[in-house]
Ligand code: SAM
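In C-alpha cells, one chain follows: the form predicted alone.
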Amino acid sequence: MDLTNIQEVKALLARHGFRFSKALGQNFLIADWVPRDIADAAGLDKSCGVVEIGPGVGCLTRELAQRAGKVVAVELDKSLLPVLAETLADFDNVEIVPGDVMKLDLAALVADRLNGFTPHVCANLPYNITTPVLTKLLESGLFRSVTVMIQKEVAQRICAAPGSADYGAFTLLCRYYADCELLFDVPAGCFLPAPKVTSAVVRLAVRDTPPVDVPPEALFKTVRAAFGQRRKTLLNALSSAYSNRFSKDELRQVILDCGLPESVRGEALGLEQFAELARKLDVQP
C-alpha cells in the first residue's frame, strides 16, 4: 500500500471509518518525497531508537523503521490504532503507544522501550502543540536530536537571528539546548487535508553541554522578562519585571556594565549577552 497515494489513503481511512479531527490538527502526508527526506534528514542508523509523535497513517513511521533499530510511535487518536496496525504490520521494530505525549513520562518511555538504542525524535508535529512539545523534548535531556516538520512560521522563529522580527524567547530556549537548522519547506498541497500554511522541517542537534555557563532558571527568567514587553527597551522591560529587587538606576548600570547601550531592546541580544545579564542580576527561580 502506498501511504502517500491520496486515493489509497482515502480508501484506507474509509475502510476504518476514520474522520479527521481539527482539534487534533491532523494533516496526513500525500507526497512521497516528504517522509523520505524527513527520515533522511534525521541521520538515523540501526543503533538509533526513535520516538515519533502523531504517526497518522504511518507513512513517516515506515521510513523511520527502515533506517532505525526501533521506532516508538505515540498516537493520541484511538481511532487511528487499527489503521496503524494494518499499515505497519510488516515492521517488527515498530511499537505503537497510545497516549498524549504531553502527559507521558518520557524518561520511562525511553528507558522501557528504547533501552540499548540512542534516542532521537522524528515527527510531523501537529501545529497546535508544537511549542510545548518541543520545550518538553528539549528540557528532558533524553534525545540526541529532534527532527520535526512544523509550521514554517515557528521554524523561522526557532532559527531566527538576533534583531529579526522572528527572534524571541523561544528562539533562545531552542538555541540553549540545541544547534538549530532549518532544512526545507513543505507546501500545503503535500497534505490531506491541505493546511492553510506552509510547513518546514527543522533539525535540532541537542548539545552535550549548554553553550553558556549560567543556571537555566536564571537565564530564562531574564529572557522572559526582556521579551514579555517586546516594544519596550530592555531597561523598561527589566524594570517592570524586577521592580521589587532593583531600582531602575541599578538596572541601568547592569545593562551598561554588560557593554550594552541604555536604549537597547531585548531582541538585539544574543544568548551570551543574556547569560551575562542573568549572572549580574543573579536571578533565582
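Each residue number is its position in the shown sequence, starting from 1. Note that this is a predicted model, so its numbers are computed, not measured.
Separately, the form predicted in complex with the named molecule exists; it is not shown, and the next lines address it.
- Contact check for I53: a heavy atom falls within 4.5 Å of the named molecule in the predicted bound form.
- Taking the partner from elsewhere, N124 is found to have a heavy atom lying within 4.5 Å of the named molecule in the predicted bound form.
- Of the heavy atoms in F227, none are within 4.5 Å of the named molecule in the predicted bound form.
- Contact between L80 and the named molecule in the predicted bound form is found at the 4.5 Å heavy atom cutoff.
- Of the listed positions (P193, G163, G141, G99), a single one reaches within 4.5 angstroms of the named molecule by any non-hydrogen atom in the predicted bound form, namely G99.
- Site annotation in the predicted bound form: the residue of V264, L24, L13, L271 reaching within 4.5 Å of the named molecule with a heavy atom is L24.
- Heavy atoms within 4.5 Å of the named molecule in the predicted bound form belong, among the stretches 212-220, 245-253, 56-64, 228-236, to residues of 56-64.
- Residues from 146-170 do not approach the named molecule in the predicted bound form: none has a non-hydrogen atom within 4.5 Å of it.
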